[in-house]
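In the form predicted on its own, a lone chain appears below as structure tokens.
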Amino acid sequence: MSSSNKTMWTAKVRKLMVDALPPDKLMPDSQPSYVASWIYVFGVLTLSALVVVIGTGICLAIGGPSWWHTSGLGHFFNSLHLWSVELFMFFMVVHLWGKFFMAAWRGNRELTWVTGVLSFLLSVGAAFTGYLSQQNFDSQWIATQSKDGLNAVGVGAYFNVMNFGQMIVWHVMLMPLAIGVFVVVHLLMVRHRGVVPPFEDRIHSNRKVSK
């Protein structure tokens, strides 16, 4: 590469990206031995459930907002979508609490923790708008019961739970897009900083260094 090309912004951005995430960090072929613990599995389980949520959601979006009420195949994909969301939220809560008690923000991992928490909060919003998009009595009941609370905090004019069109756009486009961005950033930060070690591993490492 010539010296003139090194001053281009694309070259600078590429250098920053390679320095932050070299190939051996971005796509590692080995992990520390402590990753074999079950508490580290729930992050991968959360991602696996998210893939199923997105896949079944795409199938429901193709069929239309009322397809799952009139078609047997629609019922099948709707059930898959529902239970994958249930598993996604369960795995993510276990992952979140596990990392909380492990103090996963250690080692300059504060932003990794923050992006994970924001992903969880956005997922709650996505699940809420999903309930509002069911087009049945449950969704009507949830909408009417929640509108007063949202109006009381001053967001009802911008987030109208009684507006089916607005809620389904939030559910199928805005919320998944935001969750996807934060999940990707979260994963890249995990690759950059590495998986947080347990407290015992840190204690043993300090002992080795002191010797």
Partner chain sequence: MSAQRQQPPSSRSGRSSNPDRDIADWTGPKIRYDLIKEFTIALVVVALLTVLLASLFSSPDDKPVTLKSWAASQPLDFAQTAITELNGTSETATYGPPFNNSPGAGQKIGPISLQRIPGVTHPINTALDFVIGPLQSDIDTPGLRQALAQFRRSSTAQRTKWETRYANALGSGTFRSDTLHVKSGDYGPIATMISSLLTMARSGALDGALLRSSQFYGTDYTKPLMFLADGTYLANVGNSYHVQGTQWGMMNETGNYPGQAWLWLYTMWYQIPPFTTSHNADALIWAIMMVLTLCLALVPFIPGLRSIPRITRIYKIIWRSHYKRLKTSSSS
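All values derive from a computational prediction rather than experimental measurement. Numbering follows the first chain given and starts at 1.
Here the subject shifts to the form predicted in complex with its partner chain, a form of this protein not shown in this document.
Among heavy atoms of residue 189, none comes within 4.5 Å of its partner chain in the predicted bound form.
Within this chain, residue 68 lines the site of its partner chain in the predicted bound form, having a heavy atom no more than 4.5 Å away. Although the partner is absent here, residue 200 sits close enough that one of its heavy atoms falls within 4.5 Å of its partner chain in the predicted bound form. Interface residue remark: residue 85 is counted as part of the site for its partner chain in the predicted bound form, having a heavy atom within 4.5 Å. The listed set 173, 62, 44, 184 contains one residue whose heavy atoms approach its partner chain in the predicted bound form to within 4.5 Å, identified as 44. Within 4.5 angstroms of its partner chain in the predicted bound form, the stretch 42-60 places a non-hydrogen atom from each of 44, 45, 47, 48, 49, 51, 52, taken in sequence order.
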